[in-house]
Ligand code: BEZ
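Starting off, we have a lone chain in the form predicted on its own, written out as structure tokens.
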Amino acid sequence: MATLRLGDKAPDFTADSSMGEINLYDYLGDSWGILFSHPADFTPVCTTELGVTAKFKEEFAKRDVKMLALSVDDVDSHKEWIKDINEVNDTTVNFPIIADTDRKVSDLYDMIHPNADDTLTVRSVFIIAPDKTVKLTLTYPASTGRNFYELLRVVDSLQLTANHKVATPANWKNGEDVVVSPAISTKDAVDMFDKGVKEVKPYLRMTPDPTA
């Protein structure tokens, strides 16, 4: 399978999980989704990541985002690992962890990078829109934990820019000024954005967040 690219359809799959059999498309429904993989169960960095994911449940729910983790270990292993995750992080894992013992999903999503490890998944992240297209991919080495504040920030940007003719600048956070789409003339932008438009350069126009 070739590497998934932005705009590609996220491959559908049905697999066992810590919460029973899961079909990706049915699970996501009309929601956004984040599918993220882990090298294996009972690994230290992943234990912290899954705990943070559980603690961020309300933030992801506000954005209508459903979380789905994956590891190459089996369901029984996942269930034992979840006990550790809950204890270490003082939380309750409240999303499914896919059991991918046959590497079917890992292969569909190109999660195994042989030069890093030929059997275990790297730390991949796929943000999937309600139309089931891939909107963002991130790949981390096994030694580097993910920043879940960044995932929330990216979701905010994706959802904002999907519904308004804007882009988000470097280090943007929800509620801050945004960039007017280059496809819109300054004259049209002034008519379109009633909070005002500031022309920094002819190609760089800023406007307050239209949803703030």
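In this text, all values refer to a predicted model and were calculated from it rather than measured experimentally. One rule holds for the numbers: they count along the sequence shown, beginning at 1.
The next section is about a form of this same protein that is not shown, the form predicted together with benzoic acid.
Taking non-hydrogen atoms only, residue 129 never approaches benzoic acid to within 4.5 angstroms in the model of the complex. Under a 4.5 angstroms non-hydrogen atom cutoff, benzoic acid in the model of the complex lacks residue 78 among its neighbouring residues. Put simply, residue 33 is far from benzoic acid in the model of the complex: not one heavy atom of it is within 4.5 Å. Residue contact check for residue 152: none of its heavy atoms lie within 4.5 Å of benzoic acid in the model of the complex. Only one segment in the set 60 to 68, 38 to 46, 163 to 171, 182 to 190 has residues whose heavy atoms sit within 4.5 Å of benzoic acid in the model of the complex; it is 38 to 46. For the residues 112, 136, 142, 82, the 4.5 Å heavy atom test against benzoic acid in the model of the complex is passed only by 142.
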